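Just one chain is shown here, as structure tokens, and it is the form predicted alone.
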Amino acid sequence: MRIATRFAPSPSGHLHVGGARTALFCWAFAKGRDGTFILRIEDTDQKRSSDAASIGFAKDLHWLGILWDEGPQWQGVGGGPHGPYFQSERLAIYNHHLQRLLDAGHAYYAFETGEELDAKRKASAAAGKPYRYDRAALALQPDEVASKLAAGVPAVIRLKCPGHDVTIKDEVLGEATIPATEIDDFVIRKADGFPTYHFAVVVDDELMQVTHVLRAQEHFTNTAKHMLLQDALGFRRPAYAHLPIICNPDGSKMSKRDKDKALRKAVAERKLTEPPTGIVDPGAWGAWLGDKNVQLDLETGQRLADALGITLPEINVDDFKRSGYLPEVLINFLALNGWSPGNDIEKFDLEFLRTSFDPRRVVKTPAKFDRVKLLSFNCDAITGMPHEEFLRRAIAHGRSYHPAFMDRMGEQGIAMLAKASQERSKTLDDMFRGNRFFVVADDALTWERSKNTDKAMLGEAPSGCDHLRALLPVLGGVTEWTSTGIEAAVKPYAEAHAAGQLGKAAQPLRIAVSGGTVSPPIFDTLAILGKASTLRRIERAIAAFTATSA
């Protein structure tokens, strides 16, 4: 039997890591059995879907290396015999099968308004009973139904459920029976003419010849509805495997609301009442501050975080890419969230996963996302890779997320920074985020004033500023402005004037050129910064510290 799995996201934003893991397991199960992995875009919810989000999903999967055999055509992958792969383009197919159900008496039109249904739900709640649709629409005569439809009265289509229990056999969770009392006549086509998720997914899985459905446990109870639809339509039943959710270490769900909470906390701490200029539209700002249920869109939220100088928690694949994680590391780590290959194996690649994945080793309980472990995996991969590879990836990351570095330093400067940073980097972003002083204009650099900086610059004689004054002509006379050339000039000075303690001269230099106490190795830092900038910053630092100490 030809094995086929599918990943079918709703395009409402970038790919969540939970969705990425589902896609990964679907890919591994199919490809490890010489099968087909299908990408399908479930965009029938017009309020939540967008073309831009669909492209974002494709980019995220492509970056991770999870390439689809069938699906939307993008970057040389996709296409196939079962398209179109956007549900919004398959309405004629759905309408055909809806009509089949109507003709066979397995489905019917219902005309209740939202207000009428809400009133019935409230009445059930007041009576202490669970709400079930009362099949009032079945009392309508055929001519009444035809008249309402002809008059354009909004209508949904409901499945006429057979009224028996449904037993689900799941490859992960085992066997479970959903009582008939928990399944009422659910809607399969909305009043806007689009099919519901339940109907479209059943039709697509059949027509695309999907044999195995791997999806999140939150869909488990939906499976009973899908089985009833499969029976009514005369479709086969694929095998099901429901995967555990991924949650935060405290057990809470990993959600984009985590980002919103971080933004709101930062705004509250800074007591901001007005948005940073040009970052958030004033109207959107007011709506956001006035309602905790309102969230800023992803791009606006990121711009606000950048303006506030905070790092948002990574939730989506694009967040981890922006933060400088490697795709192969994220793939490795996601596979371990809810699954294990056994034999204490933790680090592996896509090929290993393809040949080793077995849903019987998927756990039933929620998987906790250990960010510390992920960062450790990423650090090991970065520090262990050949330097040429690190440089290539660092340049690509800089072009995407730190263009100011590329513009000011150029590839030669970035190469010097990468050489000085690889052993200290846990992510590709570290060498940029931790070294912003390189791209600050010399006259705009400011200095951190703390007990440590003041001690280094203004301590007992000779003070740091004294050493800097003496080093100005020494550095000014360096003809070979390289790490080696600078070291050859500064070390003899330290031997003669700082009792041989290089740190007495090096730390004031670091503070003067970087604004703080942390930088790459000092001679590398000065070489990267350049002679003119180094001398200018030393002069300004001396003036700034001595002026405030006078």
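The first residue of the sequence shown is number 1, and the count goes up from there. Because the structure is predicted, anything quoted here is derived from the model rather than measured.
In what follows, reference is made to the form predicted together with a small molecule, a form of this protein that is not presented.
J.: Counting only non-hydrogen atoms and a 4.5 angstroms cut-off, does His219 reach the small molecule in the predicted complex?
T.: Yes - in the predicted complex, heavy atoms of His219 and the small molecule come within 4.5 Å of each other.
J.: Can any non-hydrogen atom of Trp288 be found within 4.5 angstroms of the small molecule in the predicted complex?
T.: Trp288 lies outside the contact set for the small molecule.
J.: How about Pro9 - does it come within 4.5 Å of the small molecule in the predicted complex, if we only consider non-hydrogen atoms?
T.: Pro9 belongs to the contact set for the small molecule.
J.: Should Phe405 be classed as touching the small molecule in the predicted complex when contacts are defined as heavy atoms within 4.5 Å?
T.: Result no; Phe405 lies far from the small molecule in the predicted complex.
J.: So, Arg21, Leu353 and Asp358: all three within 4.5 Å of the small molecule in the predicted complex by heavy atoms, or not?
T.: Zero of three within 4.5 Å in the predicted complex.
J.: Choose one stretch from 211-219, 378-386, 328-336, 406-414: the one whose residues place a heavy atom within 4.5 angstroms of the small molecule in the predicted complex.
T.: Careful reading of the contacts points to 211-219.
J.: Find the only residue in Glu42, Asp524, Glu487, Glu70 having a heavy atom within 4.5 Å of the small molecule in the predicted complex.
T.: Residue within 4.5 Å of the partner: Glu42.
J.: Looking at Val201, Ala394, Ile188, Leu229, which has any heavy atom no more than 4.5 Å from the small molecule in the predicted complex?
T.: It is Val201.
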